[in-house]
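Next comes just one chain, in structure tokens: the form predicted alone.
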Amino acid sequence: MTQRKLTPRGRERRNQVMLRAAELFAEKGYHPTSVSDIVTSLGVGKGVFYWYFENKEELFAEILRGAHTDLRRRQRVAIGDEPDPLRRIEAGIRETMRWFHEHRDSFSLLLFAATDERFAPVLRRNQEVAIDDTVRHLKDAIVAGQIPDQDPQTLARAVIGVLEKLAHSCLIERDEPLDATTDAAVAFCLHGLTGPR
């Protein structure tokens, strides 16, 4: 669908539709939630929905992209202009775990999306971007001699995989304390990266 040029009010309305839809998808599930459910809960007509989105699938894909964009923004802020690559990696890990903890609904939507082939391209693209972001810091750490010279793509996949698994099993399923889970993630990832040479 061609992206419309939106006014500030239009962007706000579009965001309202996305936020409410994300809540309903997390609460009821993707398939049971209809466009009618979304617009009725907002007190608007279907025309509002179709002004911004071609269909429910496009809306869900936009929610996935928006969640990933928000996570990246938070990571960039947390990392700031830190010169030390390992400290940047740690800051990114800590902010990622905090984001997962604060956005449990978004995490459940990501888990669902991984089971539906329609959303595979969006998830793949989000994953590629996350890997590229992490690789940048890993390459800097390799050049600085802080971690052994290894394939940074493989290391990035390992770090991201650990964070996703810990967030799912510890924060979402078992509701374990954020700080303890984050400290474990940092210790495991950083010691795994800098361990015996």
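Predicted model, so just to flag it, every value in this text is computed and none were measured. Note that residue numbering follows the sequence shown and begins at 1.
Unshown form predicted together with the DNA; subsequent notes refer to it.
- Lys46 is the sole member of Arg157, Lys139, His168, Lys46 with a non-hydrogen atom within 4.5 Å of the DNA in the model of the complex.
- For the three residues Ser108, Thr115 and Phe119, a heavy atom within 4.5 Å of the DNA turns up in the model of the complex in no case.
- Mapping the unseen interface onto this chain, Arg20 falls outside it, with no heavy atom inside 4.5 Å of the DNA in the model of the complex.
- Interface membership of His191, defined by any non-hydrogen atom within 4.5 Å of the DNA in the model of the complex, is ruled out.
- In the model of the complex, no heavy atom of Arg174 sits within 4.5 Å of the DNA.
- Within 4.5 Å of any heavy atom of the DNA in the model of the complex lies no heavy atom of Gln146.
- This chain is displayed without the DNA, yet in the model of the complex the stretch 48 to 56 from 125 to 133, 61 to 69, 48 to 56, 159 to 167 comes within 4.5 Å of it by heavy atoms.
- Contacts to the DNA in the model of the complex (heavy atom within 4.5 Å) from stretch 10 to 38: Gly10, Arg13, Thr33, Ser34, Val35, Ser36.
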